[in-house]
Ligand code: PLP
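What follows is one chain in structure tokens, specifically the form predicted alone.
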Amino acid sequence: MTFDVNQIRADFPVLQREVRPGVPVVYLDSTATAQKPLAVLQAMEEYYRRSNANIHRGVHTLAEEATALYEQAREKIARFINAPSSRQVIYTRNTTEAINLVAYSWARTHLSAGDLVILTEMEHHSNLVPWHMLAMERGIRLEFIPVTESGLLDLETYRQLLEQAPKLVAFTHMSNVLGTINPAEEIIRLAHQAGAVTLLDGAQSVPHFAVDVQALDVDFLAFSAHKMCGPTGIGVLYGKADLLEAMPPFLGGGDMIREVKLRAFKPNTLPHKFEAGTPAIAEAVGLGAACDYLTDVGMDAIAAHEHEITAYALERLEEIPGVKLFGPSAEHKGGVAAFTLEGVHPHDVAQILDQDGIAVRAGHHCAQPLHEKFHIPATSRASFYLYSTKEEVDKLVQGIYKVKKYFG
């Protein structure tokens, strides 16, 4: 289909609303969560209206329909990231839980005191805290690939760290603050040469450009539905089959078992081994519908549109006296513009922009160490997606001038 942003915007009901009479919403917070198209909302509603039942064990019509919808969604997700098999797609609650699954199941089986895990200075807390917890529990070592002043990873230092024979390299594909798109294929290739397993935080990449797990040769990939036009409460862990097969279950209970005795149990096969209890069935259906929607629009078209909007936004924001942008040039980043405004706290910027219906994020965006790296407590962050327009960027710029006037 031809990319038509106005046609796409018509698919998203929330973009049609006014936050106050005469004040339309200008949604520039898609890095936090994306809006949902009608196709996703209707798929979830249709499930609840027609096929709501628990999955896998029922033999009645509704249970079989629900199971089929749930597993069909898994197959759609596998195609979306080019996984070799849907068995390698594990449903979780979000990216955070997917990373924790790796930390608890794979890492606690394979890492011991003194083993090295390499992270980066631009990680979201979700890819920091699980490893801090393991360091306190097991005595593993953590080292970090530095971020340069221009917002890129220092790959020369990374190569030096690899000489210490790490067991795991875990890193974000795209920074939720700087927007930096990291060279994942190169980082993974070098990690494998050093004998390390790799974990890619794809929360900000999978929604915005094509991510092919086989081309990347990544061992684990974590991402969330709600950032890619799907519902909240469901995410995905992809893993290579041999790694997943060897990992012990993360949670115990129903559906993750093949057999239970009073004094023993046998875990289920993949992917169910890691999916204990009644899952988020409607949310899985919604995620499958989101994969369909994004595929129909075209991930390359989405990436091209976002690049155009981001380049325009950076150009306009740079014109404003007192605005300082963080991160690399548009060539090396996704749809994120994090900035500070001289003399004004980022929370005040966001609050005043909201008076004109402009939704941006303010704070450290769950990346406090990265903000400390740049000696700032917080930033304001505008972020863009397939439905963002240059007119919205213009409203953001006008809003920032209004903030400047307000603070004299």
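The model shown is predicted, which means the values in this text are computed figures rather than measured ones. So that there is no doubt, residue numbering starts at 1 and follows the sequence shown.
Omitted here: the form predicted together with this ligand. The next part is about that form.
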Met174 within 4.5 Å of this ligand in the predicted complex, heavy atoms: yes
Is Lys273 close to this ligand in the predicted complex, meaning a heavy atom pair under 4.5 Å apart or at it? no
Does Thr95 reach this ligand in the predicted complex, with heavy atoms at most 4.5 Å apart? yes
Flag Ser126 as yes or no: does it have a non-hydrogen atom within 4.5 angstroms of any non-hydrogen atom of this ligand in the predicted complex? yes
From the candidate stretches 183-191, 252-260, 166-174, 138-146, select the single one in contact with this ligand in the predicted complex, where contact means a heavy atom within 4.5 Å. 166-174
Residue within 4.5 Å of this ligand in the predicted complex by heavy atom, from Leu221, Ala203, Leu287, Ala337, is Ala203
Tell me, out of His226, Arg74, His305, Lys333, which residue has a non-hydrogen atom within 4.5 angstroms of this ligand in the predicted complex. His226
